[in-house]
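Below, in C-alpha cells: the form predicted on its own, a single chain.
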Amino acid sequence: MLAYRHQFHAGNFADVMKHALLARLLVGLSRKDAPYCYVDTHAGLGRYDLSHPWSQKNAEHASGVAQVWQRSDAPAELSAWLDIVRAMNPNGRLEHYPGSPEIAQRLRRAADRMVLSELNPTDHAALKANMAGVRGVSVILQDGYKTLSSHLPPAERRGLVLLDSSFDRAGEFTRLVQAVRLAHERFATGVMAVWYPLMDPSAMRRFERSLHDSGVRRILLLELSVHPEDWRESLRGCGLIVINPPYGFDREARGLLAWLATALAPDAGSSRVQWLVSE
C-alpha cells in the first residue's frame, strides 16, 4: 500500500492534466469572497525536484510538462498553472515541479485553509517540511479515505476536495465510488475532484455506471488520452471526475483539454468533457 512514490512520475502528462484543471477549479472558487477549505487526500511531497534519480529514471516529465511549459500559444485557461511552474523555474531550466499542495498554496488567499493528508511517513515528513511556517495549513499523517470522514464538512462550508489515489491496489474504482458517496453525504455543496487512470473500456464503463447510479448529481467527466484505446505499454490516458464544478468550468475545460491533447500527443491525443449526471 505504501509502495507507490509519485517522485517517479512527477510532471508527466497525467500531472499536467490534473494540475491544470485543479488550478482552474481553485480560481473558480476564489471568485467569491467567502473563504474556502482545500482538502488533499493523497498529498505527496508538495513539490518535486526533477533532477532526483527517481524522476530521472524514466524522465516522464519530458513528455509532460516539458512539452508545454514554455509554449507561447497556450490558452488563457492554462495560465494559473503555467505561472506557478514558471515561477518555480526562473532560470529557464525545468528543474522543479509543483504538486497539488504547492499549487493550492500559491493560489489560495490569506483566509483560505488547507488540509493535506499523506500516509507515507517519509513523504509526510517532506510535505510537512515544505509547508513549515505557512499559516492555515494542516499536514496530517493519515489514510486519505479516512480524511474524508474526519475533516468533512469543513467549518467554512465551502471548499474543494482532491482525491488523487495512487491506484496501487485492487478494487480502487469501487473505493472511489464509495468515497464520492461519503464525501457527498457529508459535504453535499462542496466541489470534489477525483483522478483516475484510463483502464480497459469495460472497466471504465462500469466505473461510469457506478457513478451515474450513485445518487450524486452534477458530475462532470473529463478525460485526456495520449495513446489509442488499445495501448497497453504504459498509461494511455487519465480522467478527472468533478462534482459541483464552479460555473463555466466545463466550458473552460473543453478548450484546455483540447489544446493539451494536441500539444502532448499531436498524432494520437484526444479529450472528452461530458456531463455524466446533470442537475
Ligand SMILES: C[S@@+](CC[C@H](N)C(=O)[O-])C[C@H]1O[C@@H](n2cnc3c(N)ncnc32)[C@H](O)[C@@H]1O
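The numbering used is simple: start at 1 and walk along the sequence shown. Nothing here was measured: the structure is a model prediction, and the numbers come from that model.
Another form, the form predicted together with the ligand, is not on view; read the next lines as being about it.
Interface residue remark: Gly44 is counted as part of the site for the ligand in the predicted bound form, having a heavy atom within 4.5 Å. The ligand in the predicted bound form comes within 4.5 Å of a heavy atom belonging to Gln142. At a distance threshold of 4.5 angstroms between non-hydrogen atoms, Glu77 is out of contact with the ligand in the predicted bound form. Using a 4.5 angstroms threshold between heavy atoms, Lys18 counts as touching the ligand in the predicted bound form. Every member of the trio His6, Pro101 and Asp164 reaches the ligand in the predicted bound form with some non-hydrogen atom inside 4.5 Å. Only one listed stretch (114-122, 184-192, 150-158, 86-94) carries heavy atoms within 4.5 Å of the ligand in the predicted bound form, and that stretch is 114-122. Of the candidates Arg135, Arg205, Arg169, Arg109, Arg169 is the one whose heavy atoms come within 4.5 Å of the ligand in the predicted bound form; the others do not. If you take 23-40 and check each residue for a heavy atom within 4.5 Å of the ligand in the predicted bound form, you get just Asp40.
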